[in-house]
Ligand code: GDL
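Given next, in structure tokens, is a single chain: the form predicted alone.
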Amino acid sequence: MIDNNFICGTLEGFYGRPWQTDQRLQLFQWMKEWDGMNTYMYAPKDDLFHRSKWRELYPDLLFSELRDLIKSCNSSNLNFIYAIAPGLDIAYSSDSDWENLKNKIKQVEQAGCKQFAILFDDIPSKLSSQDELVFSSFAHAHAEITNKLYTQFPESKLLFCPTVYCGQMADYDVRGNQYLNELGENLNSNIGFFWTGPEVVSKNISVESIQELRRVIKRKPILWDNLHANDYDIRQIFLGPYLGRPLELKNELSGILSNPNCQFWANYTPLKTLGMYNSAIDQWDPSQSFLDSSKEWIQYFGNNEITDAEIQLLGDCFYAPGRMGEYGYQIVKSIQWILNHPPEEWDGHLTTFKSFEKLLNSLCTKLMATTNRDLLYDFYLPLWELREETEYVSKWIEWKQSGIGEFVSPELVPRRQGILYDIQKIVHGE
């Protein structure tokens, strides 16, 4: 049986262009239809009034849009959480900053919101000289202002994101981290606590790691899951299923919110399969969940000629950080074999590559004719880069089979150039 008190859903908390209103409404419709999903959290880093201009009230037009969004979310039987991120420049001991924070929450409460989050992620981790006169530590300041906010709005639910929000930031010593221990002792136990796992983007999260955290923070954390996040490199997209988390992990958590791809249309399968994971009881098969989900995802591609095989190719090539689907691994293995062996030894590897090339070109051609142009633009950068590299390999194969002369790069696309790539070559020895 699904625990209705378990928070599960989508967290729009990435850096970059926030989603559009019509995209959020589409998300609400999806989540309403899916099993296992009950929550949306509004926390786009580039909403100026969420983060950099947190002190300022929303102007009338933006407030009206936010109010309509909250209403649409609630009418879809979803919980709406509004997050505010004052940590860049808040003076924790300032009465005026406290009034600004309180008034901002009051404004959003008037828009119909009853659940809030205060975020102190990705901020300077040192108190100002003014605040050092009042607070004994960074954790002391965070606990005090968050507890004060909880007391001020007793009818509302409150969640908290710490500055140390993963094992890596605690130098992989969660038990010995002073900041986390102080929060565990001083933060009101009714306040939710976000955590991303052992890393900022955690490939796997073990039950034992969360059990260790629970002993320190004295509550079940909420997983702020960056598994499919790509705001650190938007040249990538991740279309695969929810994976790397055993079903038993849910027993140690009070919720899971996925902070997914910046590109909205890349998130159908990642989010749908999170709901499927939350609904699963005894067994969880991420690969099968991806196949099941992709059959529904295909209806949004705006071209009825796109096939299940082409959708599976898309997902297997852009699966999850550090992972590919089965077909993706086959392609890489075949290309590696072809480039390192003479043509007479290519055998089935050439067949695999040619089949992949044909399917990829077919998918790209059909996407160019899609009526869902936003979806095309979301996928364009990584997909066309894959197609260009595939064409390069194909030209190399033609040259190798001809046995004539030296291979001359066709320069289908100029290699990346400029200061960023020159620095990368120096630093990483590429």
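Everything numeric in this text was worked out from a predicted model, so none of it was measured. In case it trips you up, residue 1 is the first one in the sequence shown, and so on.
Not on display, but discussed next: the form predicted together with the ligand.
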Per contact check vs the ligand in the model of the complex (non-hydrogen atom within 4.5 angstroms), the hit among 221 to 229, 175 to 183, 132 to 140, 314 to 322 is 221 to 229
Identify, from the list Tyr150, Phe301, Tyr165, Phe238, the residue with a heavy atom within 4.5 Å of the ligand in the model of the complex. Tyr165
Candidate from Leu247, Val200, Leu291, Ile234 lying within 4.5 Å of the ligand in the model of the complex - any heavy atom: Val200
Asp121 versus the ligand, in the model of the complex: is there a non-hydrogen atom within 4.5 Å? yes
Look up in the model of the complex whether Phe14 has a non-hydrogen atom within 4.5 angstroms of the ligand, and give yes or no. yes
Just checking whether Thr196 would be counted as a contact of the ligand in the model of the complex - the rule being heavy atoms within 4.5 angstroms. yes
Can you work out whether Thr146 and the ligand are in contact in the model of the complex, taking contact to mean some heavy atom pair no more than 4.5 Å apart? no
